[in-house]
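Form predicted alone, single chain, as structure tokens, below.
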């Protein structure tokens, strides 16, 4: 099957699933698709470009809040609000990336961790603009060309967003830029010796993946029609990191497997063991990291080699 046909088939299957699910399961499905979208972007930043950053979820929140504020408080038309929101996120990402990506490892993680925490403080202290601790609610996605997109049809929009993100990042990974990112990840000194502009490569990777997270955040803003600070807290930022590590950093299939497994696992554990599911969830994550460092995709590769 040709690549275009595979993408079309995936879009049709994933979209058709939305119309087969109940309202509740459609809500779970939409959020799962957004987690997969975030994991794909973070996998490129962390697994391919080698940047340990905790600001990914902050940019997800910036996208969500910006589309609501620009549309319903500033009164901008939705298309213009989307463009302005993306531009805002790119500006913030560049302001963070240019100084932060010159740092290495632990120090980069600390810098982006500070940004994530600062973002939560701004949301809580933002008054009427951000809604404070209660956030913003009671709004609806404006009609697009006279048509209001709701229910399963909005799930289709998120399916297309996820597949578009996946296709873009897959193409980048196979390009010279993807090879430059992997070279910088493995050895910045060797990459620089081969003519790779290390600082520019890091800035572009950070800004691009942050912008993609912001676009996913804009889609999330109309899933529950509410945004509030706890959604974008550090707990979810760490969960996103665990998704990529447990799935298999550096490979899109690993990011998808990790996002699906860790998002759905609490739904399976909670009915079985009640409020203790968080403890078991943590133990399983630690065990997975220790016993299978290459993640779920590494386990799949090992099983496939044995079967062959």
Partner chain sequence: MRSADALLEVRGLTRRFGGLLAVADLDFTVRPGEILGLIGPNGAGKSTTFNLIAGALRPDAGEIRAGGEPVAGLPPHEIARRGILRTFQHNRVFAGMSVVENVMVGAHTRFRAGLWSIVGARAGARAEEAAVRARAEELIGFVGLAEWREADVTTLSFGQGRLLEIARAMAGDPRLILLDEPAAGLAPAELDRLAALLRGIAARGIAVLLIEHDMRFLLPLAGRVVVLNFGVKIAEGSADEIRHHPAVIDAYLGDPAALVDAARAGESTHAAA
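What you see is a predicted model, and the numbers here were worked out from it, not measured in a lab. Residue numbers count along the first chain shown, from 1.
The following text describes the form predicted in complex with the partner chain, which does not appear among the structures shown.
Looking at residue 177, you'd find a heavy atom of it within 4.5 angstroms of the partner chain in the predicted bound form. Among heavy atoms of residue 73, none comes within 4.5 Å of the partner chain in the predicted bound form. Using a 4.5 Å cutoff between non-hydrogen atoms, residue 148 does not count as a contact of the partner chain in the predicted bound form. Mapping the unseen interface onto this chain, residue 191 counts among the residues with a heavy atom inside 4.5 Å of the partner chain in the predicted bound form. In summary, the region of this chain contacting the partner chain in the predicted bound form, judged by heavy atoms within 4.5 Å and restricted to 148-156, 165-173, 73-81, 89-97, corresponds to 165-173.
Put simply, of 211, 108, 183, 221 only one has a heavy atom within 4.5 Å of the partner chain in the predicted bound form, and it is 183. A heavy atom within 4.5 Å of the partner chain in the predicted bound form is found for exactly one of 204, 141, 116, 161: 204.
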